[in-house]
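Listed next as structure tokens: two forms of one protein chain, kept apart as structure 1 and structure 2.
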Structure 1
């Protein structure tokens, strides 16, 4: 979905979100209170510049607007694969973005992620997956790695991974599989303002992804193993 159409459906025609190239940012009014909106568009690759720009908005919100909710609009093809960004320390820039979002949560900001188009790899891990909860539109595309690339990395046959993907969401791309694994809390369909209103009011502040994955059958052992590690600590 086009980001401007999404913003209009959520916040009205005069929403106040700006696009500086692939970078989205702005303050919107929702149910009579301000929200900070930050994110990306055009399947943006997240390089040093974009990571630091998003982190700056989050940190400014923490400093200037205590406990104001933050909405992350996510459309990314993953991290920028350029020598320049690698030399500038893209890993540290993306870690800084993730740490900024985590700090906002710790300071009492409700942080809601919404995948409205595409979410891949590190660009998704350091944004939506660090929010209080991540939601998605039904038509969104989410994956960490395509099966051919997974085959090259794991040295397993593509046919084996294709077969596994039919019964195990961990091996399969697709928004429904991320719901099953708990990475996406739910899909927003129909009344988008009502979905956002519910998310702001009822999203738990504790991390329920492993628990949700176990209850939905997408990640059957993660919650149990995590609890065993905590019990042994």
Structure 2
């Protein structure tokens, strides 16, 4: 969904979110209270610059507006694949963004991620995946890689991966697979403001994703194995 249409459906016309190139940011009113909105559009690759721009908004919110909720709008093709970004420490910039979001959570800000278009690996891991919880629109796409690329990298037949992806969400792109694995808490369908209202009120503050993944049958081992480590003699 176009970011402006999404913002209008969530917060009404004149919502107050601006796009500076691929960078989205603003303060919106929702149910009579302000929320910080930050994110990206146009399937932006996340390089050092965009990671820092997003971190700036999060840090300003922590400093100036204690406990104000933060909504992350996610549309990214993943990390910027450039040598210059690697030289400049793109992993450090992304860790900084992730640590900033994490600190916001610890300081009592609700942080809600929403994949409204596309989310891939590096751009996703320090945004929606480090929020209190991440949600998605049903038409969004989430993946690490598409099946043909996965076939090339793993040197396994594409048909085999296609077949396995029908029964095992680990192998195929798609938001419903991320829901099954617990990475996405739920899909927002229909009444978007109602979904956001519910998320702000009921999103857990602890990391429940492995438990959700087990209960939903998409990631059966993670929660049990982590618990076995805790219980080991």
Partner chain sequence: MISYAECSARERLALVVDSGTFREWLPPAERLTSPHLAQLGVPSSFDDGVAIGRAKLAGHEIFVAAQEGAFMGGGVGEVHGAKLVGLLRRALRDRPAAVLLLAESGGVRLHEANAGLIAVSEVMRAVLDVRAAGVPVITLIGGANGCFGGMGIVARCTDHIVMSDVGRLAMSGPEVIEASFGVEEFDSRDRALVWRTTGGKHRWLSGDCDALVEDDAAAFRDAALQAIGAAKPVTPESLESEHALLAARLRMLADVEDGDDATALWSRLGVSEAARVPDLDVPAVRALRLA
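Residue numbers count along the first chain shown, from 1. Not measured: the values here are computed from a predicted model. The term rigid core refers to the maximal set of C-alpha atoms that superpose within 1.5 Å between the two forms.
(request) Please let me know, 1 or 2, which structure is the form predicted on its own? (result) Pick structure 1 here.
(message) After a rigid core superposition, would you say the CA of residue 148 moves by 2 angstroms or more between structures 1 and 2, or not?
(response) True for residue 148: a C-alpha shift of 2 Å or more.
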